[in-house]
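Shown here is one chain on its own, the form predicted alone, set out as structure tokens.
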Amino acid sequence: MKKILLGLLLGLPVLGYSQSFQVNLQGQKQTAMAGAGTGVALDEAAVFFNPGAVSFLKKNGVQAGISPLYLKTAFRENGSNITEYNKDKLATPVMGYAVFGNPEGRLRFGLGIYTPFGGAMHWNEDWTGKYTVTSLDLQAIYIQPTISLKITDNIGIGGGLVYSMGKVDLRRAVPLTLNNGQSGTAKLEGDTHDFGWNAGIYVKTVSGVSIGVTHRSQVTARVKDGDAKFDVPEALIAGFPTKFTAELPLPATSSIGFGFYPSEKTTIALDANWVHWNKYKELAFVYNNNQRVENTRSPRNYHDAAALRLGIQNQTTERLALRAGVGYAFTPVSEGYVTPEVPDANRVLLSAGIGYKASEHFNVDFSFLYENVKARNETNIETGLSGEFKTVAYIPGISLSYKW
């Protein structure tokens, strides 16, 4: 019985979606350019993409945006001809930025609020993998005050402290039968409050090409005294935990980006990102009651993964800008470790968007990102769930900004 119950709580993932659950939706202009933005100073979202570029922005401004994420995943168990799908539910990553200070001076200040990790996966309560997961809702919101200094006319540096607030809600079935004939259930809920940092350098070369290098630190999300809620036969409930503690690494990211300007109206951005997923070697849980669920250390063995992003912006008219992009992201999930809450694989990114200058001060930007995740047939070494996952994501977005 203990071995069965131990498997119930092994699948809580790293908070995050784009590689695994990393979210790359921090600015509408950049999203429309496949997420490239490290080597260009496009707008206030430089607070996230490269704090060193903030001092090169021509105006101060504030912006706020949202990118509703619609994820569709199909699963077919090996040996079966039945395809099961996750439920339709939107995740809603948000972002907001402000940049202020003298645009003619060397010192600028910024503030960013964004969602770099998050996700929503919901399966039917009686699906094949119900003892692995039935639903997952998670979100990590970062708040980043930033300072950017133009140390020469061509070089800017910047950095910011990150305060992270996270929430997780994971649910699954328990292989115990209730009086009504249904399976028991387990629910894990927890909050995290942690710190990290984001720093970058931005260089305008004599050839006209701009270069950016950034590093966003790992944030170790610590769930302390999370709530473990079990709906099991009353005669057994005293043996189940009510609290749990866990540490979940939100990985660091190192990026290099380039900006090319073939004409006054055209900007081409090229980014390479390296995400340090190798820190996610295992998932450990400590419970306040170990009669039926022992403390566990479950191997995950993620590896580092890269992403390449290429985007273009053309200022077609004084008021209208057109954008497009393409990218490819490699999965960090090793063979044997694919799970229903992280049905990850290598993916192709295609994007487009428009920007409209409504007045001298007001701007609106739209983006659309399509992610096609490669089909992947795996047998999970922890749960034994074996089958093929196939996922696509559709992500529209909008932001409003005011500049002065």
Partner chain sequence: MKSHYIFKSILAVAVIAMASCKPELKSITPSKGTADFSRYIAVGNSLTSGYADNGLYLEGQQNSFPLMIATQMKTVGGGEFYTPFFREDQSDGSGHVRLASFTATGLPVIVPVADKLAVRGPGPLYTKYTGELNNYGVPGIKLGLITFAQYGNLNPFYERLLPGVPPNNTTTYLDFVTAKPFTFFSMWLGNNDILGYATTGGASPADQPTPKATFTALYNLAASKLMMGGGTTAGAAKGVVSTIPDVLTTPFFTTVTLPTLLKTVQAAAPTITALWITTGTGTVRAATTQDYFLLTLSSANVIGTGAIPYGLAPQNPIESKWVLDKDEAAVVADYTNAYNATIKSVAAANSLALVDANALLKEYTGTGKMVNGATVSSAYVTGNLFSLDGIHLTPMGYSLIANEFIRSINGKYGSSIPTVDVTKYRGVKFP
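Numbering follows the first chain given and starts at 1. Just so it is clear, the model here is predicted, and its values are computed rather than measured.
A second form of this protein, the form predicted together with the partner chain, is not displayed here; the remarks below concern that form.
Here the chain stands alone, but in the predicted bound form its contact with the partner chain, taken as any heavy atom within 4.5 Å, falls in 75-83 among 188-196, 138-146, 75-83, 267-275.
Contact check for residue 23: every heavy atom lies farther than 4.5 Å from the partner chain in the predicted bound form. Mapping the unseen interface onto this chain, residue 179 counts among the residues with a heavy atom inside 4.5 Å of the partner chain in the predicted bound form. Interface residue remark: residue 128 is counted as part of the site for the partner chain in the predicted bound form, having a heavy atom within 4.5 Å.
The shortest heavy atom separation between residue 262 and the partner chain in the predicted bound form exceeds 4.5 Å. For the options 107, 284, 320, 238, the one in contact with the partner chain in the predicted bound form, meaning a heavy atom within 4.5 Å, is 320. Comment: the partner chain is not present in this chain, but in the predicted bound form one of 292, 171, 300, 150 has a heavy atom within 4.5 Å of it, namely 292.
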